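Below you will find one chain, with nothing else, as structure tokens; this is the form predicted on its own, and questions on how it binds or moves follow later.
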Amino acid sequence: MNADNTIIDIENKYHELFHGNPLCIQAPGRINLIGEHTDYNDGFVLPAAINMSIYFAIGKNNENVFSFYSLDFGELFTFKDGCAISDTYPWANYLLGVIAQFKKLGIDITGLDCVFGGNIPIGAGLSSSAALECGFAFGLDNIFECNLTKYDLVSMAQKAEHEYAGVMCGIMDQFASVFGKKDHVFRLDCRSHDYNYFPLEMNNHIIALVNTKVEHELASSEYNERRKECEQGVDILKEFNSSIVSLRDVDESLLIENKGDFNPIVYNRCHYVVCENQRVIRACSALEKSDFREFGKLMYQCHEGLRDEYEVSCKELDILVEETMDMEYVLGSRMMGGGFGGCTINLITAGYENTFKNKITSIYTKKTGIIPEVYFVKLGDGVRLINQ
């Protein structure tokens, strides 16, 4: 979907349904180069905002009525103050959750109208939900002149997902949508929320995403289950070191020494997270040296851990990763996101875009009967106004 056309369509729909001149906002999706399922364990991640976004047209009304129109679904949801979670329009809950966070701060959010839509594929692991939450929060902050900080918006968007979507996500997705910087990735410490930008000028390399076009029902329930299993591991390790608060505090040697005290499944979950945190540190070092070969090796190691120890991959994702290993122009590949479907992220040599797309599409279609979607993404800025 062309971004400029999407913005025009959204503005036109707003004027068709509502009155006045809306505030127009762009909120990007995100990729995560490495550091998967570490965010809710107080670990490290390496995300970036991308040039795929959700766009909004938002304006006040004087009727104390809230109207949300989803361009992608072609659905209008209208309610008065005090609406509970919606079973009929699940997409509206992300917006309702954001409004609830503003009200918790004592901010009076009166009636407003909102039209939104975008080109982030839903269910692809590119955090369309975080973009929806962050863009809407950014809009409310501007319209009602709240003067909230960027971090306030991130925190409120995360809480909206916890309370209204029922997914106990970490902070990475929302953080990337707000703090993204063009041509940069950033290492985020999910405990302290300190972050450092790393330039990633992709002159000789391309980031390619391959969408499996599957989204297994296990995704949400298993996500929350993994979080509980990691917490169980922390409780065990506290017996050996009382200073341990999360898996972020655990050395691999301590984990290995006390393996006998663990349920094998819980041990594997913890071992993956501990090793993945170290991979993020090593990946940043590789970027500083422009060592993309080493970075690619770490991506493959990440996928192995997600597949074998964390068990959040699926046959479709595994096929996509395994087939790249014989492609000399692919430096690294792994599943990205919560798992059980969505996308793989691939680091490929520039100039091989068409070769990669044609080959991976042919192989995957032959093996699964599903035609995948391939996206070549660039790194972009975080949430922002687009009509100022």
Ligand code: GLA
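Note that residue numbering follows the sequence shown and begins at 1. Since the model is a prediction, treat every value here as computed from it, not as a measurement.
There is also a form predicted in complex with the named molecule; it is not shown, and the following applies to it.
The named molecule in the predicted bound form is not approached by Ile206, whose heavy atoms all lie more than 4.5 angstroms from it. In the predicted bound form, Ala100 stays away from the named molecule, with no heavy atom inside 4.5 Å. Using a 4.5 angstroms threshold between heavy atoms, Gly170 counts as touching the named molecule in the predicted bound form. Although the partner is absent from this view, Gly338 contacts the named molecule in the predicted bound form, with a non-hydrogen atom inside 4.5 angstroms. Just one listed stretch, out of 353 to 361, 52 to 60, 320 to 328, 39 to 47, contacts the named molecule in the predicted bound form at the 4.5 Å heavy atom level, and that stretch is 39 to 47. With the partner omitted from this view, the residue of Tyr223, Tyr164, Phe292, Phe77 that lies near the named molecule in the predicted bound form is Tyr223 [heavy atom within 4.5 Å].
Contact residues in stretch 269 to 305 (any heavy atom within 4.5 Å of the named molecule, taken in the predicted bound form) are absent; none meets the cut-off.
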